[in-house]
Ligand SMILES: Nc1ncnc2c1ncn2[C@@H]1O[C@H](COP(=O)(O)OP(=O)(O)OP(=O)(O)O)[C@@H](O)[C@H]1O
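Next up: just one chain, as structure tokens, the form predicted alone.
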């Protein structure tokens, strides 16, 4: 996707540049560029003695992304996105440039963390991600541009955090930013409509990437190529019923996918790579869903504690 045309006409602030907001008068000293996307450029900056992430973006993009971060704030502790710090305009000769400032989440991206600490962490981190996605979806948003570069692992014990909300889209609208390898439209497996199943496709592709060792490039499209790739890795064979359901859009929610992953980890039978259809071809009712959820809540607690404890011990010895 192309950079916003307004942004292309503006010169980038160099390291050391001080950006002062027109309205709130807060100042931020640019340290370096962190990354760029279709809707703006993110910089590491300093405010007093603290590091922050400052994003220079187009006006409509700022408004949309700020709304997402405000939604995150309402459920702080449940969603692992960055917290919003400031929103303002930077006035310079070329004109007023909108920007916003958010928490700087420090740590390696998901793939770098896995390379250093082992693929055994993949299951724990994907489970964390699915839990966060479920909360995000319940509040009316779809992350959209879900990819390893937008996932940071931080803290001790490690915790996955989502960054760069530029692709986050209101449910029902067209996805506004995506990356081919994790986009179901590219793989000819669905539309780019913002719905939970769009994010779950991306989550499945991230897991395949972790175990396959590289991002995938479409050769023939459809599910056939992905099925063949999954056969090559034992870890993917184990989770293939879950991944196939996610890739084909058969999960109604991230919570459904998370519960199936927990069932797979525990070695329980009963997961099939088919849509969850019940007698009379009716989708699972809310009551049935809650009953299934309660059934596995105890399992989740035991498994997560067990897995994290074992991996964390290995993690400590590896430092």
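All values derive from a computational prediction rather than experimental measurement. Positions refer to the first chain, counted from 1.
Note that the form predicted together with the ligand isn't included here; everything after this is about it.
Engineer: What stretch, of 100 to 108, 123 to 131, 187 to 195, 208 to 216, brings heavy atoms to within 4.5 Å of the ligand in the predicted complex?
Structural biologist: Of the options, only 100 to 108 has residues within 4.5 Å of the partner.
Engineer: Under a 4.5 angstroms heavy atom criterion, identify the one residue in 36, 253, 46, 26 near the ligand in the predicted complex.
Structural biologist: If I apply the 4.5 Å criterion carefully, the residue I get is 36.
Engineer: Considering 53, 262, 68, 62, which brings a non-hydrogen atom within 4.5 Å of the ligand in the predicted complex?
Structural biologist: Answer to the contact question: 53.
Engineer: Within a 4.5 Å heavy atom cut-off, is residue 89 in contact with the ligand in the predicted complex?
Structural biologist: So residue 89 does not count as contacting the ligand.
Engineer: Applying a 4.5 Å heavy atom distance criterion, does residue 183 contact the ligand in the predicted complex?
Structural biologist: Because no heavy atom of residue 183 falls inside 4.5 Å of the ligand in the predicted complex, the answer is no.
Engineer: Does residue 203 make contact with the ligand in the predicted complex, using a 4.5 Å heavy atom cut-off?
Structural biologist: Looking in the predicted complex, residue contacts with the ligand do not include residue 203, since no heavy atom lies within 4.5 Å.
Engineer: Would residue 137 count as a contact of the ligand in the predicted complex, using a 4.5 angstroms cut-off between non-hydrogen atoms?
Structural biologist: No, residue 137 sits far enough from the ligand in the predicted complex that none of its heavy atoms falls within 4.5 Å.
Engineer: Thinking of 149, 163 and 177 as one candidate spot, does the ligand come within 4.5 Å of a heavy atom in every one of them in the predicted complex?
Structural biologist: Heavy-atom distance to the ligand in the predicted complex: all three under 4.5 Å.
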